[in-house]
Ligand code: LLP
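What follows is one chain in structure tokens, specifically the form predicted on its own.
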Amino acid sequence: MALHDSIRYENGTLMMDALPMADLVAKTGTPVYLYSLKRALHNLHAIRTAYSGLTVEVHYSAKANGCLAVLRALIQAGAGIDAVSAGEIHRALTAGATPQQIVFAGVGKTPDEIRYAVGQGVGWFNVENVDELHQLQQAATDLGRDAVPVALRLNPEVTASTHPYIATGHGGAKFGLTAEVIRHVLAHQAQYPRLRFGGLHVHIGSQLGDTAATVAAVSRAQELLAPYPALRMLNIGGGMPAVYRQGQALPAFSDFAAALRPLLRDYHVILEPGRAIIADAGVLVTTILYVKKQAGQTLYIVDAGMTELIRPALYEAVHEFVPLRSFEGNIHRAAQVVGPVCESSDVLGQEVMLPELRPGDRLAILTAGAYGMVMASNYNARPRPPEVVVTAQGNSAFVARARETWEDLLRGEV
């Protein structure tokens, strides 16, 4: 199972660092997200170590998990932030990032978002549309800004080894600019006197199953930059995978670094990992409400659902489930773990091997730190869950976000 030093069993009790998860959950109830800052910082350090010897900046992708306490810890550890909306820029600044530490990406930046980001002085704009360059030029002119830093996002027309919903580099994707368009823009940089073109951005998808597609994409980016020796910034995005299931054969951080190192020696490199830093640092804890046996199946109906963790319903993601107390020696049988939301797709896990459980027993859904709470919703008028953070020392915890109330759901309505 996908356990590690920070999330493990100790004397039959599931721990997050030095703290029993049962104790953490007792204070908040369920469903609840728990995050280990110690594990997140460990992952950040491991990525930096893999790319040591190169000129590399790590910008954490805030869309994976925007919890202010998580952002604050990573920023204090020297990470920059990859933001895909003005809201994420504001969140990063609130967490202590300087504007220069922020990269602003996104295929559909609004004029207001562009003006906000230019006014704040963000470090880089990853540009995906030619019209966006005109918007940037106009905003820079209106605000009296010069040398606004720009990287053009290349769509390398490379098909990544990942789920189609999280692949972004193939020709039919909405992301990025074709090589032909980038050649034209770079040949006419003078049309944008307020902008400073620094290099290219390339990101082909998340949860990549091999390094070959990334190497191919970076190679294509370098071909485009070859005529412009002054453009030496190469943002290669994220995509490094997290382990969701025992025995998954996935490339490690060091595998990506080893494959890319020969291509990156002469470049200023930006990495934008999100999932790779925070996914296995988080769990979603849920309580079994009912046990239903019908049609030859065992169904554990729990108090978390697609409103808390939409990944299984959205793109057939698979998570592992473990009880908060171990059941050594018990026979494990395949069961479905389903949520309370009134949708047939509200199934968190199918064919999950679990011991015989009863109402009131609690399960931890592993590797839930990325694309969990950030994608949570209030469908069925369900308040979103709290987030509890275990500190970097691993021996204390605090509630980083309180559970929403029914009154919160009505706020702002007439």
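The structure displayed is predicted, hence computed values, not measured ones. In case it trips you up, residue 1 is the first one in the sequence shown, and so on.
Form predicted in complex with the named molecule: not shown, discussed below.
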Worksheet item: Tell me, which of 282, 238, 156, 339 has a heavy atom within 4.5 angstroms of the named molecule in the predicted bound form?
Response: 238
Worksheet item: Ok, 137, 120, 101, 207: which has a heavy atom sitting within 4.5 Å of the named molecule in the predicted bound form?
Response: 207
Response to the item:
Only one of 144-152, 223-231, 287-295, 273-281 sits within 4.5 Å of the named molecule in the predicted bound form by heavy atom distance, namely 273-281
Practice prompt. State yes or no: in the predicted bound form, is some non-hydrogen atom of residue 63 no more than 4.5 angstroms from a non-hydrogen atom of the named molecule?
Written response: yes
Item to complete: With heavy atoms only and a cut-off of 4.5 Å, decide whether residue 192 touches the named molecule in the predicted bound form.
Response: no
Worksheet item: Should residue 375 be counted as a contact of the named molecule in the predicted bound form, where contact means heavy atoms within 4.5 Å?
Response: yes
Worksheet item: Applying a 4.5 Å heavy atom distance criterion, does residue 371 contact the named molecule in the predicted bound form?
Response: yes
Worksheet item: What residues of 181-202, in sequence order, lie within 4.5 Å of the named molecule in the predicted bound form by heavy atom?
Response: 201
